[in-house]
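Given next, in C-alpha cells, is a single chain: the form predicted on its own.
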C-alpha cells in the first residue's frame, strides 16, 4: 500500500468540522494522517492527568473514511504548566541566558526532569493506543534540532559533556594530547576543568568545538532513543519514524536513523525562493542515503505558500503534483502534505496548506485529489529500490569541521557537495549519497568532496575501492586533519598522498573579487574561486593546469592509476562548467549508464522491484520539453508538457 496523506490538527478546529474534513480527505484519495505532534497540553492538560478522548474521536472519524493515523509524540512543545513547574528544563544560549517559552523546542535534551516528563507522556500514549488498529505508527517528537535547539549550554549539558568526553578519551592526558590543549595554556589537569564552549574572548579550540557538536548530536539521539525504547516495548507492531530536515546539518542523521524503522523528512521546495530541482533531488537522496538506501517517507510535503512573518510564493499549477512525484521518484513510499488546512492563529498563520483559512476546497485541493486518483494505479511501486551506479560521500563530522573553520568566506563544503551532485543530475545520472565507510564496491564512480578529516579506516576504504577498479574523484582541502580536528604533520593531502599520486606544495585563499582560470587539453577555460592548491605530481598524470593567477602553469587537476582503478584530484574550487566537463569524461570512461539525453529541465530516475522497472520523467520547466530515453530495450523520444510527470513501467 502506498501511503498518501496529510498533517492534520483537529485540535485547531471545532469538532463538528472533523467529519467534513475526513470526507474531503477521502474524496482526495487520502489514506493516512499525522496527528498530535504539538498537542501535549490537550493530551495532558495538567501534570499526570491525561485526556485522550478528543484524539480517540478524531482517529475514529478518520478511520471511518479509510484513513489510518500516525501519531506524533508531543515533546517538541512543552506546555506552559510544565515550564512554570519545571523552569530548569529550559535551554541556555552561549551567553548562559535562559531561552524561555513562547515558540517551540524550548527544552534541554539533557534535562533529567524533561526526560522523565517525556517518558511519562510517551508511555501514557503508547499504553492507550497500543491495541488501536487505526494507529499504524509513531513519529518521535518533531524536527529534532530545528532552530539549533539542541545546542544548549546549561550546567546539565556541561556535566553530560564531561561524561561524554571521559567515555571517549579515558584519561585527561589523552584528551589534552588529542586536542592540543598546550596551545594558549589550555591544558586541563582535572575533568572538572573541562569547559563547554560558551561565549569567550577570541575563538575556542577547534577540537573542543567539534567534539561539542558531536556530543550535541549524540545527546539528541539519546533523547530520541528514550522514546523509541518505550514505543518498541509497548507497541512492537507499529512502525517508528522521525521527520528529518533534508540538508539540515545540526545532527548526524546516519546515527539518528539507526534505531528507526525508516526515515521521514520535511520537503519545502519553495520555502526560500525559486525551486531548485537539483537541490531538492539532493535532499531526497541524502535522506535515502541515511536510511541505508531504502524507501523513505516525506512526512511534510509542501502544499501551499510557506512562511511565518513573511510568506513565500504559492505553488504554481502542477507544482504540488510535480514535487510529490519527485519524492516518489527518489524513493518515497509515503507522501504526507503539510498541512490539511491553513491555521487561523499562532506563528504559522501564513504557512498555507491544501485548504486556505476558510476551509473551502480550491485549486490546490483539486491537484492533490487528481494525484490521489493516479496513485491508486501505482501500488506496484512500493518497496522498489532506487538504482544508482555513482555515489557521493557525505560526512556530518566534516561538515561540522568546516562550520568551525570555513577556511575561506566563499568556500562551502555543502556547495562542493551540491555542485558535484548537480554535475551528475544535469547529465541524467542517478546518484546515491553514502557514508565515508560505506561499501563502495557496487559503484562505478565515487565522488568525495573535500575529505577534510581523515582516518585510517576511511583511507583504507577508498584505497580498497580504487584498487578494485573504481573511479574516485577527491576535491580540494582533503586529508588536512585527523578525526580530532588537528592538522596532520604529513605533506598534504596527508594519508591520501599515495592514492592520489600527488603532493600539495602550497594552498591559497583568495579574496571575494578574485577569479582565475584553469585549462585542460581542449580550448575551453574554466573559472575557479575561493581556494586553490598548487599540485606536484609524484605518479599522477596532469589533466588541467592553472592558466593564470598565483599558480599559473602549475597542475590543478590530476589523475592517478592505483591498482585496477583511478583516483582524480581537483585542487581548486572550480565552477560547475568544469565539473560537468570532467564528469562527462569520467562517466564515459567508467561506463556509467546515462539513462537519458536532452533537456536538463526533465529529471529522469529509475526504481526497480520484482514487479518491474519504473522510469520517472518529471518536467520542471514552464514549457514543453523533450527527452531521449536510453534505457536498454527502450530508446525513444518523449515529450512532456510543462510541470508534467510520466511514469513508464517495463
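This structure is a prediction, so every number in the text was calculated from the model and none was measured. Positions refer to the first chain, counted from 1.
There is another form of this protein, the form predicted together with a small molecule, and it is not shown here; the text below is about that form.
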Completion exercise
Note: exactly one of 204, 104, 459, 130 sits with a heavy atom within 4.5 Å of the small molecule in the model of the complex, namely 104
Fill in the blank from the handout: From 303, 243, 283, 73: within 4.5 Å of the small molecule in the model of the complex by heavy atoms is 243
Practice task
Would you check whether the small molecule, in the model of the complex, lies within 4.5 angstroms of a non-hydrogen atom from each of 411, 545 and 578?
Solution key: no
Problem - the small molecule contact in the model of the complex: residue 415, any heavy atom under 4.5 Å - result: no
Practice task
Examine residue 220 and determine whether its closest non-hydrogen atom to the small molecule in the model of the complex is within 4.5 angstroms.
Solution key: no
Exercise for the section: Check whether residue 119 has any heavy atom within 4.5 Å of a heavy atom of the small molecule in the model of the complex, and answer yes or no. Expected result: no
Practice task
Would you please decide whether residue 268 lies within 4.5 angstroms of the small molecule in the model of the complex, comparing each non-hydrogen atom pair?
Solution key: yes
Practice task
Just one of 252-260, 347-355, 502-510, 419-427 has residues with a heavy atom within 4.5 Å of the small molecule in the model of the complex, so point it out.
Solution key: 347-355
